[in-house]
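The form predicted alone is given below as one chain in structure tokens.
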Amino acid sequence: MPKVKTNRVKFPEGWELIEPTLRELQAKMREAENDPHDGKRKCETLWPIFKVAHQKSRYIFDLYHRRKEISKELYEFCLDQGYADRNLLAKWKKPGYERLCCLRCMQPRDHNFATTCVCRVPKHLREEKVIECVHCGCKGCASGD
């Protein structure tokens, strides 16, 4: 007779330390998803969602890589459960991508002339000083800023 699968998730040690912050960010995400988008451009409606997703990923990344406050087991658990974007965290580890806002800003196929997003250009090389990324609303995520 096969075993019955249950939906119970075993939380690793240290989960109780980060759970309140993750729940707060989940509530912010729910609020951003339900926020009315009257009068906004089509691309602007997703900006708050990208911002909260970035905050969650950055929170987990900083706890593990910078402050070393959580275990590898808890870090992997958060990635497996979808609390952070695994691909974005992998890019943050590479030099030149430490402040990357979203993966879409670095993909050449999503931009004119097969380049990266304008938010990836360092501030001292920009013609316009104040810019906003069309994809996520970032005002600049180049490493040299």
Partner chain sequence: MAHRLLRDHEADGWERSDFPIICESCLGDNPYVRMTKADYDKECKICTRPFTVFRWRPGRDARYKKTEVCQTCSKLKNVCQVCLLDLEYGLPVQVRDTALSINSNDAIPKSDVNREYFAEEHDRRARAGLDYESSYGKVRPNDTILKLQRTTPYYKRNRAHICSFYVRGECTRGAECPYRHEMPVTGELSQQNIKDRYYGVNDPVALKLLNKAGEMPSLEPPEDESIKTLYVGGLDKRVTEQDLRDNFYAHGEIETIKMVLDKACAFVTYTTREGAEKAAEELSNKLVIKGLRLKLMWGKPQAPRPESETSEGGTQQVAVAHGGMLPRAVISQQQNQFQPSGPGVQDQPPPMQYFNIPPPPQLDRAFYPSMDPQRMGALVPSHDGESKSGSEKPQQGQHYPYQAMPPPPEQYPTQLYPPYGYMQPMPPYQQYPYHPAMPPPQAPPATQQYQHSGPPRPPPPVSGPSTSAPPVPSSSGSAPPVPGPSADASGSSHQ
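Residue numbers count along the first chain shown, from 1. Predicted, not measured: the structure shown is a model, and the values here were computed from it.
Another form exists, predicted in complex with the partner chain; not displayed. Remarks below refer to it.
J.: Which of 60-68, 87-95, 107-115, 25-33 has heavy atoms within 4.5 Å of the partner chain in the predicted bound form?
T.: Going through the listed ranges, the match is 107-115.
J.: Answer for I131 alone: is it within 4.5 Å of the partner chain in the predicted bound form, judged on heavy atom distances?
T.: Output for I131 is yes: heavy atoms within 4.5 Å of the partner chain.
J.: Just to confirm, E127 within 4.5 Å of the partner chain in the predicted bound form by heavy atoms?
T.: E127 belongs to the contact set for the partner chain.
J.: In the predicted bound form, does R41 come within 4.5 Å of the partner chain, counting heavy atoms only?
T.: Heavy-atom contact with the partner chain at 4.5 Å: present for R41.
J.: So which bits of 71-110 sit within 4.5 Å of the partner chain in the predicted bound form, heavy atoms only?
T.: Going through 71-110 in order - heavy atoms within 4.5 Å of the partner chain in the predicted bound form - there are no hits.
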